[in-house]
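Take a look at this one chain, the form predicted alone, written out in structure tokens.
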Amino acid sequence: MSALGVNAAGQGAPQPVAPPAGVQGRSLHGHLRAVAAVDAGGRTFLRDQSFRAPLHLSKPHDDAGALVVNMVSPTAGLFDGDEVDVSLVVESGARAVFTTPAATRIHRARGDRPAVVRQSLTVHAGGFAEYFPERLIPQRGARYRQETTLRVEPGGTLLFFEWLAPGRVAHGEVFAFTELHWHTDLRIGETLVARERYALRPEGPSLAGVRLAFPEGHYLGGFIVGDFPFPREEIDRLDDPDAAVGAGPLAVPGVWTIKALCRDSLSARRTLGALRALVYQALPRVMPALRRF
């Protein structure tokens, strides 16, 4: 799971102090828009981009024939009441990799309002898009809502990955958030092929299975869309004592979902990197470097 376009710089930084008197209740409403297109020479570039604090687009760069776009935030993370709207579009012929260079932190809520991220990713026919995030870290008392819409036209390719951490484990915060709500829709053309709805609360049954497998477990998820041989057998072999990994096809040909539960952050990072490598080998395409693995 991920907060598309939102990440906190300095993921090892100490917990920020509470906002001073007089700023309680203030919130941010940020946005980020990027449209990847292809020029006459066949190179991908950002034809359109717009962003507002707390979001920023770093200077994109080409790697292995794809435009790598880092979506960053210099802030400490998201607080209750913050809202972020993200729209990413990859046009026909373009190849774009959207990634976040650091973890996303969701801080303790001061009231009943959650932090909200609304994100959409659209891939046109003949386009290629990958979204590969760093982890989402919901801290003690956090409230968070994420609404994701993925649209892929027939003939488009999408690699979409997510990573949810249990909290700041080193600080003794393991599933100590208040609540997380996840809404994800995947459409191929006009057909809805996947809809996920999660409501995660530490005291409820929704996390019982995760805790039973790994008390400090990390969740990985993803959707793979494209006309290429999916490496299901290779992915199944990633299953080991530190990671329970599974993949399966959806109703529309060429659409797969991947899920994994991992013992800790090290096994999650290793598993996510291996999943990405296997998919690129199956495409087959040279895998753009993200400088994290």
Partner chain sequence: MLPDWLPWLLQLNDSQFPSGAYAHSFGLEDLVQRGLVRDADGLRAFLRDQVSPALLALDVPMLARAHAAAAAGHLAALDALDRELDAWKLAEELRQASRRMGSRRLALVRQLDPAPVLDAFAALDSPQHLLVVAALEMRTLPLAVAAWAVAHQAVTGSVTAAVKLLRLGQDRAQAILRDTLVELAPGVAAVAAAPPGDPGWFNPLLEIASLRHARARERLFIS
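Treat the numbers as computed from the prediction; the structure is a model and nothing was measured. Positions refer to the first chain, counted from 1.
Note that the form predicted together with the partner chain isn't included here; everything after this is about it.
- Of the heavy atoms in L200, some are within 4.5 Å of the partner chain in the predicted bound form.
- Taking the partner from elsewhere, S206 is found to have a heavy atom lying within 4.5 Å of the partner chain in the predicted bound form.
- By the criterion of a heavy atom within 4.5 Å, A251 is counted among the residues contacting the partner chain in the predicted bound form.
- Taking the partner from the other structure, the partner chain in the predicted bound form has a heavy atom within 4.5 Å of a heavy atom of D236.
- Proximity to the partner chain in the predicted bound form, defined as a heavy atom within 4.5 Å, singles out one entry of A109, V174, V116, A194, which is A194.
- A247 is the sole member of L55, A247, V225, A66 with a non-hydrogen atom within 4.5 Å of the partner chain in the predicted bound form.
- Of the stretches 213-221, 153-161, 79-87, 94-102, only 213-221 has residues with a heavy atom within 4.5 Å of the partner chain in the predicted bound form.
- The three residues H183, R232 and L261 all sit with a heavy atom within 4.5 Å of the partner chain in the predicted bound form.
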